[in-house]
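Read the single chain below, which is given as structure tokens and is the form predicted alone.
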Amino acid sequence: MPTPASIGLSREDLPNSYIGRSVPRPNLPKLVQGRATYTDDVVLPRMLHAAFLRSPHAHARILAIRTEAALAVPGVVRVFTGADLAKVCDPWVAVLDHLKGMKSAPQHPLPLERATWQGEAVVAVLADTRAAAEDGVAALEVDWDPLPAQTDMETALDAGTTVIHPELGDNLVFTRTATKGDVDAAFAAAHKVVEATFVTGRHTGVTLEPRSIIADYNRADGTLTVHQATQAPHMMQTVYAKHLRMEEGQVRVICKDVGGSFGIKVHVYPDEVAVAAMARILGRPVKFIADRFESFASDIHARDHRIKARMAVEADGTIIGFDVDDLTGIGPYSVYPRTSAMEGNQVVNLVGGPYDFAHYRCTTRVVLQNKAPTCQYRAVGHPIATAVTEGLVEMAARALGMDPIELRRRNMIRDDAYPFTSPPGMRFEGLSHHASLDKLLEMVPVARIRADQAEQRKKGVYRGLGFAAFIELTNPSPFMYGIGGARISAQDGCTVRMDPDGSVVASSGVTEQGQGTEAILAQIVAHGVGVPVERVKIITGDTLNTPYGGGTWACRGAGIGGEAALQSALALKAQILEVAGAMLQAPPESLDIVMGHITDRATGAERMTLHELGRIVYFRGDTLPRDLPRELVQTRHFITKEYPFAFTNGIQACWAEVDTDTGMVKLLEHWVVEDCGRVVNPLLVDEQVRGGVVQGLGGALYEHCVYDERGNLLTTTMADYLVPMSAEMPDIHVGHVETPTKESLLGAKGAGEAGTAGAPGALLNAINDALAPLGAQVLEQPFTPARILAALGRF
């Protein structure tokens, strides 16, 4: 059996080695030269364009839909209502069996009787052009009966409140409490108890490429081909087949280039299912590309939480326990098929994650609202749990008069304590909190910053330094969705083949959304086979031409897809060497493959090229021994077996300045140390971490989906919804500690969500450190100037 050492995973000096090197992305020239193929670039014969009439009300009964005027618009071909699509498409209910007691209402592609959030697609118009379809939408006449809207999560369960789906009995979707120890007794006996109410505002993904889909139903052979910007093509294949009453083999999902996802493109959207249903009815291709307004109104939102939390400590700073109550609003439906209860569930799992303590109680309650649905988005629940945990840690340090770094050091789980099971039951294989803290302190000039802080305060300038340690869930097993009944693959496969010219083609079930998946797969395959990375071509995003897999989400691309690629590459190498051994009359184990050449393992002498080997195998097989296996293609699948997840960890520090006259926050510098196990491509990991930090800081400072009390969305353009720009971002320094997982040969965990997980918590603590001399603190994200001035009593 190969080991990490035997295949040179730690030897960057070997000519075969690409793992651990900052190899440029192979798809970069295509992307920067505008030669990528996004869904909107695909044009099919006889293709129609879809536009949707979306509800102007947060909650309203649909009394009548008059389509005559729309059908009279030149170019309009057909109008579809919910009743039309219900004839060919079955509704779905987004619950998971292992989330006990969870409930949600059946959801159709287009609603049958009521609209339940402003922006919900209600009627579809198909036309020869998008402009004609939009003209058709403008000509539609709908009679509405506006209903009371339930928009406040705090009153969602009150007696007399509007129950959004009366058949459910109330607006409670899911509740879970995790407990360990005797929380009440421990808190009663504690030296200090700190408590606060944290609020995290709604925000969304704002991808460069909006949601996009083309569905093409072929009546001749009964197949449906869907071009879609999605993170999970095989999952969508299953969804379309199941709900359009087809066999999975009749559905093909293709996702070529995807312009960003951040989790929002891993869900089932009703308007996209509607496109597939309409294509099936008409037997013609139908395209829908969401515009920016539709993205804000109908892409999933996330992070809408109110968390009451307290933490108990001993006089020496020992953390005794946490007691947390989380309330989250998810819109009118749980989102299919992953469910909208998962973020609250993650808060329960992750609060207190880096620390060793005895007593724990955490409850999440998930309730319905007449707002856009919320669901998984980059670092599901992580930044919420981290901000709550680390906010309390800094409060405790302040209450005890203790250095917050020292308080963390005293309570972090020891690096030699693993395997370790956390109070809510999470099993950690191996983390590195102390090593990461030590690394961070090598990078952050704490003494210089504290001196500057004191000096600046004399001038009326308030600067703060905040820290946030975090854990991150990656490489999910079937325990995340499979045990709940969702057909979302936890394993991924990779097929690697050598072609006659000695080049290598690898097709993988994981996907590329702009984050560099294809780059690391190429590195891994090149390393495993022994060829130049330029000789490797990667194929992803096609259910017909890639092994079955779950796609890319929850940081599983490198850890799951990468391990499958490595295993298949090593198997192909072994097969090549067996053939080479027969050709060269040498034992296969005496040979190696180095940069595309068969070599003598002992001397390094080149014996033949892969090009020559391919020529003989494919075109002169008559010269080889008759019984010699010569299939130069291998497939392997990988799934984690020992642990439900590969947890990673890290710690961040943020240095910020608060203008106490305007409430503006200026980010001065940011540091991150993360441990994602084996680092396959340092450049890409650093880019992932920096991008994650920017996204985390954006949610903490700027991004906010704002509704009024009637459920009207007020942030529907890029002028209303602020995203972080380069001018606002500080220098972000990244360091690494590597603790490879023993679940795989590669040892890789995920890195894509680490930056987002920790950044809001670090910023929260930096702002409050700056405001501490003024007796103020902020706990509600985003930390807007108005909220900071209110905390200072100036607004």
Partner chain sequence: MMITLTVNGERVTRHVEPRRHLIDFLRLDLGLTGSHAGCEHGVCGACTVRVDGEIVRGCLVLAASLDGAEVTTIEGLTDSGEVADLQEAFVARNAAQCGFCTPGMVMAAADILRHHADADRAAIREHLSGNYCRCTGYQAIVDAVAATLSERAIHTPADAGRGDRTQEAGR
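Positions refer to the first chain, counted from 1. Just so it is clear, the model here is predicted, and its values are computed rather than measured.
The next section is about a form of this same protein that is not shown, the form predicted together with the partner chain.
Here is the short version: of 32, 69, 63, 44, the single residue with a heavy atom within 4.5 Å of the partner chain in the model of the complex is 32. This chain lacks the partner; the member of 404, 482, 596, 205 within 4.5 angstroms of the partner chain in the model of the complex by a non-hydrogen atom is 205. The shortest heavy atom separation between residue 737 and the partner chain in the model of the complex exceeds 4.5 Å.
Of the heavy atoms in residue 719, some are within 4.5 Å of the partner chain in the model of the complex. Using a 4.5 angstroms limit between non-hydrogen atoms, residue 24 touches the partner chain in the model of the complex. Interface membership of residue 725, defined by any non-hydrogen atom within 4.5 Å of the partner chain in the model of the complex, is confirmed.
With the partner omitted here, the stretch from 684-692, 160-168, 622-630, 361-369 that lies within 4.5 Å of the partner chain by heavy atoms in the model of the complex is 684-692. For a residue to qualify, one of its non-hydrogen atoms must sit within 4.5 Å of the partner chain in the model of the complex; all three of 28, 260 and 729 qualify. Contacts between 475-499 and the partner chain, taken as any heavy atom within 4.5 Å in the model of the complex, involve no residue at all.
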